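Take a look at this single chain in structure tokens; it is the form predicted alone.
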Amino acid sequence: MNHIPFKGIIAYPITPFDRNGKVDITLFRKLVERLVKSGSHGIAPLGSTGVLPYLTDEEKEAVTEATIDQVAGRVPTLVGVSNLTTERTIYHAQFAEKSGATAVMIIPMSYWKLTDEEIVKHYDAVASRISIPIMAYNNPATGGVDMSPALLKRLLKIPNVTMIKESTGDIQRMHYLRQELGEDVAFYNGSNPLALAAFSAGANGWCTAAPNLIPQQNLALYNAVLDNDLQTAQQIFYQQSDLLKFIVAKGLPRAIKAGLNLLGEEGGYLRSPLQTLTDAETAELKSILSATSISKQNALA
């Protein structure tokens, strides 16, 4: 088993719906193919961008199978399997493994505030039932639980838990993780506005929905980091920072769908209660996308 199978830009596809509110698997496959062909280093369905909590078990399974079939081994796949209960998380993790996923990602979703002991037992129970790696995902804004660095260190004692995705927006945590955990454990940035800072702190990769809209800029940032070219990395990051802030502020599924449409790509429909961007927000996004494109062209000139 490759304990750390991801590096670089790990792209999150949206889960598109049709007019009748059903998951549009045909369109989903096209969007996944776009991400692979644009150079993404990994594909991660069923995260926040993929509106995981809004899907039925059957829909999650269909998205999982469609992703793995469409990717066809060209890049690794990271499937979100989180659920409120341990039993259902185990179920989806096992389904992902049987379907051929490279790894799974788990965020401790919570209605009641979970204790550290409950979280550790949750991850341990899932890990004991699968053999592929697990990425522990810390995002209190969506999961309702903030896993401290001390807790993350405990989770990493579980053999399958080999990766951490940190989305609190606290760059000091990333420095702590690298300092405390060394090179044996990989951590990934999930906070778009901190992409450059996270790479500087030693992040192995960036989990992001941005490649749906600006894949070349995202990849260029990563390549500049690999080349240790800080000046170029800064320039490339500043070109896309407004867009990164916008898609987070307006909600990833809403913003990515609108952005795809603005780029002439089919973005499908959203599932209620999510609503499309307002006309003013769409106009703002159009302006940002245009400015980002102009900045890219100037950089290449």
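Quick note: we count residues from 1 along the sequence shown, nothing fancier. Predicted model only: the values in this text are computed from it and were never measured.
The discussion below concerns the form predicted together with another copy of the chain, not included here.
Participant: Among 68-76, 156-164, 173-181, 95-103, which stretch has residues with heavy atoms no more than 4.5 Å from another copy of the chain in the predicted bound form?
Facilitator: Within 4.5 Å of the partner lies stretch 173-181.
Participant: Heavy atom within 4.5 Å of another copy of the chain in the predicted bound form: which of 127, 136, 194, 186 fits that? Just give me the one.
Facilitator: Of the listed residues, the single hit is 194.
Participant: At 4.5 Å by heavy atoms, is each residue in 151, 266 and 269 next to another copy of the chain in the predicted bound form?
Facilitator: No: no residue has a heavy atom within 4.5 Å of the partner.
Participant: I'd like to know whether residue 42 contacts another copy of the chain in the predicted bound form, with contact meaning heavy atoms within 4.5 angstroms.
Facilitator: Looking in the predicted bound form, residue contacts with another copy of the chain do not include residue 42, since no heavy atom lies within 4.5 Å.
Participant: How about residue 215 - does it come within 4.5 Å of another copy of the chain in the predicted bound form, if we only consider non-hydrogen atoms?
Facilitator: Result no; residue 215 lies far from another copy of the chain in the predicted bound form.
Participant: Could you tell me if residue 237 has a non-hydrogen atom within 4.5 Å of another copy of the chain in the predicted bound form?
Facilitator: Yes.
Participant: Using the partner position in the predicted bound form, report whether residue 242 sits within 4.5 Å of another copy of the chain, counting heavy atoms only.
Facilitator: Output for residue 242 is yes: heavy atoms within 4.5 Å of another copy of the chain.
Participant: In sequence order, which positions of 62-86 have a non-hydrogen atom within 4.5 Å of another copy of the chain in the predicted bound form?
Facilitator: Those in contact are 84, 85, 86.
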